[in-house]
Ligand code: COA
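Okay, so here's just one chain, in structure tokens, the form predicted on its own.
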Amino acid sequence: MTDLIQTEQDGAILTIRLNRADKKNAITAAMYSAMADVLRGADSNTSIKVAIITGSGDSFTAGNDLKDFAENPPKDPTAPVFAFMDAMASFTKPVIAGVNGVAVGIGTTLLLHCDLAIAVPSAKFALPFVNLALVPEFASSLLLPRFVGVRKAQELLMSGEAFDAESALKFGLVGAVVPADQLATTLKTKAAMLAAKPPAALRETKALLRGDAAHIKAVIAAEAKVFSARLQSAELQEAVAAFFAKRPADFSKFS
């Protein structure tokens, strides 16, 4: 397992921490693989009742590491990013997100699959897929409208504009905003509360709230098919070139 993903079990609570603070916890293929393995193992481990996912430093995650992503594009359903999405969508136990800073791309769509989410006031959220000539992923085209409504989901996904923690709270993407120095304690308290509940009843409650898991996975697969095709597009090549050149992308020549 890559050391860029840290895990710690404290009693019935498992903490998964993205540990790449110098890169704002941008996620590589190896990190996705590691998290998928951890989630699958935790789901079958009867000693674990609750999982926490959080970041290190001042970031939750800046999303995909674009250099690694360009070198290792997800071409089929076995790709590490899709393995992680499947493991997360299949996870039967409660998951709490501790959004300790910037949450870009999958850093925001991940929250749609968590049962509780708590952010710090400085957290910034964005769904910039269209800006990178990509499309929504992780069933966000299905789940985001459930959280924020169709009109707001259209705005967020088609503009790619960032929003702050108070907006995320208003939208229902997080359930609370707490001072940064209280995040760890709040996560531990919430996790302990859930871990004390009847585990089978909690799993069934999660399943009922989530709804049709097969439909969610089907949407993940449908999005992934379009997403993978977009990776071959000239628009994406322009977006990536502009990112690394630190210049605005120019899509004026595309129709």
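The structure presented is a predicted model; accordingly, all values stated were derived computationally and were not measured. Start at 1 with the first residue shown and count on from there.
Beyond the structure shown, there is the form predicted together with this ligand, which is absent from this document and is the topic of what follows.
Using a 4.5 angstroms heavy atom cutoff to this ligand in the predicted complex, none of Ile13, Phe91 and Lys188 count as contacting. Proximity of Phe125 to this ligand in the predicted complex falls outside the 4.5 Å heavy atom cutoff.
Contact between Arg247 and this ligand in the predicted complex is not found at the 4.5 Å heavy atom cutoff. Although the partner is absent from this view, Glu223 stays clear of this ligand in the predicted complex, with no non-hydrogen atom inside 4.5 angstroms. The closest non-hydrogen atom of Ala229 lies beyond 4.5 Å of this ligand in the predicted complex.
Partner proximity in the predicted complex, defined as non-hydrogen atoms within 4.5 angstroms of this ligand, places exactly one of 166-174, 141-149, 72-80, 101-109 at the interface: 101-109. Heavy atoms closer than or equal to 4.5 Å to this ligand in the predicted complex belong, across 10-31, to the residues Asp22, Lys23, Lys24, Ala26, ordered by sequence position.
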